[in-house]
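Here's a solo chain for you in structure tokens, the form predicted alone.
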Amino acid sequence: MTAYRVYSKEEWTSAVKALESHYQVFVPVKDGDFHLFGLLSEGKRPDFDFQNTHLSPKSIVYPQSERMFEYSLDGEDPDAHMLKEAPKDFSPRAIVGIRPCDALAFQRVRVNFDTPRYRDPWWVSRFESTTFVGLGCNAPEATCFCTSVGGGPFSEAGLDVLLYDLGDRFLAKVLTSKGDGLLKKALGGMEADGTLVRQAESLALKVTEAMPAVVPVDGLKDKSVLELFEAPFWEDVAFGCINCGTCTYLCPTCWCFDIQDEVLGKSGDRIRNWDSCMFPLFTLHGSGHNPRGGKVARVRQRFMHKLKYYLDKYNEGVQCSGCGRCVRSCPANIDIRQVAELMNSL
């Protein structure tokens, strides 16, 4: 399946535009001081000259707010008080320019939504209808640590196509049949020769070797859960936390949600919304009891889940893709890399 095509930067923009006839196309776009993923059809011009988007493209598969069911409270409606599935859109979509860390994040999240015992039909349907076109990371930020958690700046995990930015052109490496089908629907480009392929491989090796020092997670699997839970450093780690939830909302591997009913007049919706373990209400019981009523307990839960509970349950690495968003944006400068080192060396 492995094949390579090369496009000039102008040809690639035209190729992506041509995909609109077949997919909902999401591309990185400049939005103020940040880059975000937006629909190409909304007049957005793709900008592939970025380090990483402020928000991951997680919401394309897993919306921040999603109407699950709808219902009527009108007594004259024969279907009153009956839940009906709200309309959903599972049409083909393509995320073009996703960074390898964010593609890896979908794989880390998939074990929660697509299991032998339970499949979330909406998450799975959107995921399976999505083609992932990755963009290798030529200049990882100082806060990035993807190589420490099973990824890399040119990792192919979870991707259908991987793009290499070679300066004046893009080299596209086809990885799956979905990726092959996408490039056949794009315009322009030509088969790449061996010289360009070797140039791309050399670039990937150089960037990967220049990544920052390793974040230690190798010893976490063998650590005692109780020993980590009762570790003496949690008070210090949580000291500056203000429970804002920024880390969880920016994180591409956080999946917690809440379900609420919203009623207007005689019509209602049952909605699934992202939630955060950093919020005091997250574990508040109907009785008024809160087993994680203090911020130390909430901060500990976040790191224990990502770096220990997930690892023990799924045995597929830690629940982190190394994107560094939480490190860059935490107002209290809490750094998951430092916490991982504390836990790993306990």
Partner chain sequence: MSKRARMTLDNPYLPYPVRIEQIVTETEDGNLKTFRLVFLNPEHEEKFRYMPGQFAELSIAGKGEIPIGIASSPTERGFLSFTVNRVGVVTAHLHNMKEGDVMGVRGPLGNCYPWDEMEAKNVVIIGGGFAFTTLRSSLVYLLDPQNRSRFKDVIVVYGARSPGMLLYRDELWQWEKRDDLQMHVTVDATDDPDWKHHTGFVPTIVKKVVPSSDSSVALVCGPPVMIRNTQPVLEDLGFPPERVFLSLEMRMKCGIGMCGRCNIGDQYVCKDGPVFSLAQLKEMPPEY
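Given the structure is predicted, the values throughout are model-derived calculations rather than measurements. Residue numbers count along the first chain shown, from 1.
Heads up, the form predicted in complex with its partner chain isn't pictured, but that's what we're talking about next.
> Looking at 171-179, 108-116, 150-158, 94-102, which one sits within 4.5 Å of its partner chain in the model of the complex if you count heavy atoms only?
That would be stretch 108-116.
> Classify residue 58 as contacting or not contacting its partner chain in the model of the complex by the rule of any non-hydrogen atom within 4.5 angstroms, answering yes or no.
No, no contact at 4.5 Å.
> Would you check, heavy atoms only and a 4.5 Å threshold, whether residue 313 touches its partner chain in the model of the complex?
Yes, residue 313 is a contact residue.
> Is residue 165 part of the interface with its partner chain in the model of the complex - any heavy atom within 4.5 Å?
No.
> Whether residue 39 contacts its partner chain in the model of the complex should be assessed with a 4.5 Å heavy atom distance threshold; does it?
Heavy-atom contact with its partner chain at 4.5 Å: absent for residue 39.
> Of the options 74, 201, 85, 218, which one has a non-hydrogen atom that comes within 4.5 Å of its partner chain in the model of the complex?
None of the other options qualify; the answer is 85.
> Go through 196-235 residue by residue and record those having a heavy atom within 4.5 Å of its partner chain in the model of the complex; state none if no residue qualifies.
Those in contact are 225, 226, 229, 230.
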